[in-house]
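Take a look at this single chain in structure tokens; it is the form predicted alone.
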């Protein structure tokens, strides 16, 4: 699974990587946690270009009675995403890019869990494969929320954890966001390529979402 990630690069670096004309100002974030607002890109049928969108992390289906369901839906397994009621509509019609430059996974070491921080070998900003939904609360509050797709871990991540978030290859950004692409046989192959990752031990302070500093990506040991 993916329960923490980072986005520390400048808005200018984001704009350059994703070919955006404008990106909102934002501060570096080293410990992004579920229920927080996260940076995403979407493409709507009525708009010619992809758009920046803040979303709540933890997908809340349109039919949900309570926003708390989002805590259980921070991730979606790619192997079953076309079958699950919470995701099967979104995978066809509401896909997004979730912006990040690193993520954390935990390795069991006896009774303890050691966090590790993963980045692309290039160190560049990247995008997780995401799905999104719009939910209206009983108080008529409109909430746009999302989830991160996960898959079986690759050779770098598997010694630490059996699952990992899916990173969309940059050559597939446009197709992944395209609302005209709606069939699983056209969508899922976009996620088959893997970028090369690097890993290093991280500080256990990342376990607490209140901590948010560059020190989290460095082990105290």
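Only a predicted model underlies this, so the values are computations on that prediction, with no experimental measurement involved. Residue numbers count along the first chain shown, from 1.
Not pictured, yet referred to below: the form predicted together with the DNA.
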Quiz item: Using 4.5 Å between non-hydrogen atoms, is residue 136 touching the DNA in the model of the complex?
Solution: no
Quiz prompt | 4.5 Å heavy atom contact, residue 186 and the DNA in the model of the complex | solution = no
Quiz item: Though only this chain appears here, would residue 51 touch the DNA in the model of the complex if you measure heavy atom gaps against 4.5 Å?
Solution: no
Quiz prompt | is_contact(residue 143, the DNA) in the model of the complex, heavy atom dist at most 4.5 Å | solution = no
Self-check item: Site test, 6, 157 and 214 vs the DNA in the model of the complex, non-hydrogen atom cutoff 4.5 Å
Solution: no
Quiz item: For 64 to 101: residues with a non-hydrogen atom within 4.5 angstroms of the DNA in the model of the complex?
Solution: 68, 71, 72, 73, 74, 75, 76, 77, 80, 84, 85, 86, 87, 88
